[in-house]
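Next comes just one chain, in structure tokens: the form predicted on its own.
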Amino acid sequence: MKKLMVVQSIGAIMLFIIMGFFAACEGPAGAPGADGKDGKDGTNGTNGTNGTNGTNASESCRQCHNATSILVAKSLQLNHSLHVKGEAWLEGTRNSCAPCHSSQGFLDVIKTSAPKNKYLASASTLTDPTPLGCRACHKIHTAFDSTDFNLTTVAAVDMMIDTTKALVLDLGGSSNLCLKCHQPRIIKQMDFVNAPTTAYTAITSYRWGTHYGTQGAMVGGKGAFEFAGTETYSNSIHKTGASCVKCHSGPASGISGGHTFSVVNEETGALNTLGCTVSGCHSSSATVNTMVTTVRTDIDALIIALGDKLATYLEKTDGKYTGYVDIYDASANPDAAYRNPNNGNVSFPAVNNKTAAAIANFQLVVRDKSRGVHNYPYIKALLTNTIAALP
């Protein structure tokens, strides 16, 4: 055992001596070598003004992806918007629904300039639809600079409700982007002026009518069936002096404003009037709330009055007219009074052109959901004159 330890010790000493020998024989350091070749520059962006180079790729990204929290804030707000919440985007698998129910469908009809009578998304866009997120409204990751926030369309809209003639509505700028979807869908027209008593036979479904997005028609005062009467048709200053964004995307307060697009605080139910006051249109929140209450009280009474005149035809839920016609639908209206296989299959009452126009006007106002706030003088005239035209 001792011999082994001695051998190991001698070996270690010899190794140390050898290493020292070679270290001692190393010559003085040579002259520095030549520098290596420079790496490639990052890809430049588009040329800036006066011929100067734009920022390189990393700087381009930082124009949006920086230390500020604006993108985070907008994204969180959008999560509380009806554009994203719920399951409406599932309708994006149908080409007639996708243009307003999915980002892919919306961008497709803009790209193809789909005419209003064929407002249909291409088949290639119907797989894996997504909600109406950032890319539906903004040109995200197109130029990779600040223009990525530009809107995907601001063109005036030829409204779908009447395919027999051009019905162009131009609310200007970002409002036209909203109008692209927030407009009533196609309705078979009725000559309620020259042939008011002629039979109208197109009401065959529970879902006949304007669908939901009637806000553009009401704000713009265009697309409704205007009966002549004691009230003159005129428009609120909202049509030209306000905008969808100014009111619905005003300063955020709680869960409202900003990219929630809601004027009602999700937590408290209070109106967010900052878009009305900060813009200088109204003097105070108290003034706005008083005006809203007055307008809605007046219009609610007219809605009920017109609904009562059309009660024979309209569906009612929880004591309120929904705007749907009372025709059987297995999932949505199983207790319908008409065409119900479970209740004698009673025929839907005969409807003439005048009555059909009145039903459509009722839908336009109810589905606008502002209860007159969007365009009070026009909506009041429409309801008042329609009521007076019915027996």
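The first residue of the sequence shown is number 1, and the count goes up from there. This is a predicted model, so every value here is computed, not measured.
The same protein also exists as the form predicted in complex with a small molecule; that form is not shown, yet it is the one meant from here on.
Colleague: Does the small molecule, in the predicted bound form, lie within 4.5 angstroms of each residue among Leu82, His141 and His248, using heavy atoms as the measure?
Modeller: Answer is yes for this spot.
Colleague: With a 4.5 Å heavy atom cut-off, would you call Lys309 a contact of the small molecule in the predicted bound form?
Modeller: Lys309 lies outside the contact set for the small molecule.
Colleague: Heavy atom to heavy atom, is Gln183 within 4.5 Å of the small molecule in the predicted bound form?
Modeller: Contact with the small molecule, yes.
Colleague: Please determine whether Pro115 contacts the small molecule in the predicted bound form, using a 4.5 Å cut-off between heavy atoms.
Modeller: Although the small molecule is absent here, Pro115 would stay clear of it in the predicted bound form, with no heavy atoms inside 4.5 Å.
Colleague: Please tell me whether any heavy atom belonging to Tyr212 falls inside 4.5 Å of a heavy atom of the small molecule, as the geometry stands in the predicted bound form.
Modeller: Tyr212: yes, in contact with the small molecule in the predicted bound form.
Colleague: Within 4.5 Å, heavy atoms only, which of Val295, Ala88, Leu274, Leu302 is in contact with the small molecule in the predicted bound form?
Modeller: Checking each option against the small molecule in the predicted bound form, the one that comes within 4.5 Å is Ala88.
Colleague: Between Asp162, Asp145, Glu226, Glu231, only one gets a heavy atom within 4.5 angstroms of the small molecule in the predicted bound form; which residue is that?
Modeller: Contact with the small molecule in the predicted bound form is made by Asp145 alone.
Colleague: Given the stretches 310-318, 122-130, 196-204, 167-175, which is the single one in contact with the small molecule in the predicted bound form, using a heavy atom cutoff of 4.5 Å?
Modeller: It is 167-175 that comes within 4.5 Å of the partner.
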